[in-house]
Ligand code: C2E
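Listed next as structure tokens is one chain, alone, in the form predicted on its own.
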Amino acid sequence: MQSITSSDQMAPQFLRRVLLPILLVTTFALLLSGFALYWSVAQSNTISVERQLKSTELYIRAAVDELAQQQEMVAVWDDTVEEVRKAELDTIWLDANIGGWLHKTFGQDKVFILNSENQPIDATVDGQRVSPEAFSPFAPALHDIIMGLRGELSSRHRGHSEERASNPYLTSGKAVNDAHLLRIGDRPAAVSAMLIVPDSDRVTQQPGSESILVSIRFLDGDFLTQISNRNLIEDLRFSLYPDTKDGEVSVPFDSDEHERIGYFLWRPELPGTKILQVIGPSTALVSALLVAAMAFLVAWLWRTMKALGTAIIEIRASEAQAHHLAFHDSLTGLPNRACFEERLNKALLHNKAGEKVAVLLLDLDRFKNVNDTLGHHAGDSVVREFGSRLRAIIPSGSTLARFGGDEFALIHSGISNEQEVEALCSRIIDAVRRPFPVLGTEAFVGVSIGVALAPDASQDCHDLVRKADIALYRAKADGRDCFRLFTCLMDEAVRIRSRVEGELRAALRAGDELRVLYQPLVTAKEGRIIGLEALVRWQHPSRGLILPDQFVPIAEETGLISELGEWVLREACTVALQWPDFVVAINLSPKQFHHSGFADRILAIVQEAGADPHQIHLEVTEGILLDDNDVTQEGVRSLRSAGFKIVLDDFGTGHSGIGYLQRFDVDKIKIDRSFVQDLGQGDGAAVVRAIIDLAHAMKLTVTAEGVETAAQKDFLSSAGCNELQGFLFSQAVPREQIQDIFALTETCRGYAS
């Protein structure tokens, strides 16, 4: 009973909302299509008729100019002037060159020559020479044109010859003529009268003594046949009256004297009608198919609407879930970045005077370790637990969001002073320091926090987040597991780093600011120079000498370190070729090892330079040994197997120990300069001896750097250190001065003795 009632209720709605609109749209579409087809057919026919009419009119008007052009060929001619002056005309010459020639060549119907008194002296009709008196029937119609050509003031055509002087059809520049469309008898005709004048100065002629050449071309008969053939006009004819037959059109034709001559009639080409005959049946078939399709659509919609009720309920139920997913993180259920920015804009808009809005960006420290050692499921568990701990800490009304990975953000409104934010940050850090239970074990992470306050830092949402990110970067740089509040100095530091990055890129391209200096490496016992360490320096044009610790970290962060390291390696290879008996050491950044194929690239550069890999020592930091990245470790092994010596630089300052030295093959360790400087203090000497003994036990060569005094040298030599490096022997010098430091060899040996 309920389904019947539902169907009864659905029927009127279906009729009103579906069936009636479809009927109206279908009817309108059919009517519109029919009207468009009818309009297209009518327009096509109209355009075709107008084209034929325009073509006919242009052709008829052109006949007048062509008649004058034809006359010019014989009227502007010395020979014609001389012939018409003769007392006895040479009729054979006139027929061959004037009347007969114009008829045969151009189809002129009547050709007359009038003397200076306007009397006919020669006549050609339809190509036959006739008595000059044949001009008499045409004289009245042509009298005014001839008088105008003679310059009679009473003529209506006076001045026409001057107007036609610019006719592009006339090329001699000497032709004087007047031409018109006239009614001659009951026939339309093109008439042209032209003075017979010489074409050169050989023949002289007194003004007013010129003869006149008169040509008549009737515009019916053969002329209409020419128009029909040229313009594809069917059954073109001339009539004095508009007596059209079935399917014909008529166009009135007036003379230049505004006299109705008659009508041109023809059966126009109607492409639209022909197209309609072709596409009409197919159009009808398409219309029928459209009606059938609409009927099928109506039936399908009726069946579909019966299931629509259930679908609508399901859609409405999922809308809330979709909206939630669009603005929330699926792992933690926290708001995402889009929701965070929307709420931050609202918080900034409604912030009260005297209060502050804090934006906190949080990033978990050592989170990558959890993923790498325990897996991504463990990482997800830490992220969820971290979100739960933050929810329990943050004040009510605050917004906690997850941006992705281990990145979180917090909006805290209504703050009266910075101490409130600092206290909140301290609570968050304490909460994160507690171990995270994961898969039956415990994971330890920390958190770095960057804070930006509005309106102090900015009132713009995106700018505020950017500055909080700068503060987060500072917290990470200051050792992590801490918080930092944004200050203007931080922003300035970012801009300086950006400027340094741009200038470093330019310096690498130019190649004239960066320099490589070389510091000698000597034996501890003999003081003999055995090698050189390549040290890069940047001679900035405005800031002077910039040391590596100021620009190398920026190069590492921006990815320029690979390009910089390869440039230094090429310079070092040049020195290695120049001094084949010495080893040349260069420093490698851990960042360089992260690129796949790095080891192959190092070997290729050395081989291209022609240097021996056994002569090159590659100095790496302890971070390389601590890095469990397969690409890094494979790179170290590949370089060592290619013949390079691997030197562990700054030994003792990091976390590496005996276990790491046993796990990774290195050839030499360098004792950090800080231990050498502490030799005379506390247990400094004992620590250095322990390092040397450890290295020797593992059959490693030991180098001490930072040796500045003879006492330091003596102690290190007696302790068993193999090699020494420092200002005691030489500062770092340019390649051109390497030869000069050899003079120190004897001094060094003197120290040894």
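All of these numbers come straight from a predicted model, not from anything done at the bench. Start at 1 with the first residue shown and count on from there.
The next section is about a form of this same protein that is not shown, the form predicted in complex with the ligand.
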Exercise for the section: Name the stretch: of 587-595, 602-610, 478-486, 276-284, exactly one has residues whose heavy atoms fall within 4.5 Å of the ligand in the predicted bound form. Expected result: 587-595
Practice task
May I ask whether 69, 149 and 176 each come within 4.5 Å of the ligand in the predicted bound form, counting any non-hydrogen atom?
Solution key: no
Practice task
With heavy atoms only and a cut-off of 4.5 Å, decide whether residue 721 touches the ligand in the predicted bound form.
Solution key: no
Handout entry: Heavy atom of residue 100 within 4.5 Å of the ligand in the predicted bound form
Key = no
Handout entry: residue 727, heavy atom within 4.5 angstroms of the ligand in the predicted bound form
Key = yes
Practice task
Indicate whether the ligand has at least one heavy atom within 4.5 Å of a heavy atom of residue 561 in the predicted bound form.
Solution key: yes
Completion exercise
None of 537, 343, 85, 337 but one has a heavy atom within 4.5 Å of the ligand in the predicted bound form; the exception is 537
Fill in the blank from the handout: Among 446, 548, 107, 198, just one has a heavy atom within 4.5 Å of the ligand in the predicted bound form, namely 548
Exercise for the section: Let me know which residues along 518-532 have a heavy atom within 4.5 Å of the ligand in the predicted bound form, or say none if there are none. Expected result: 519
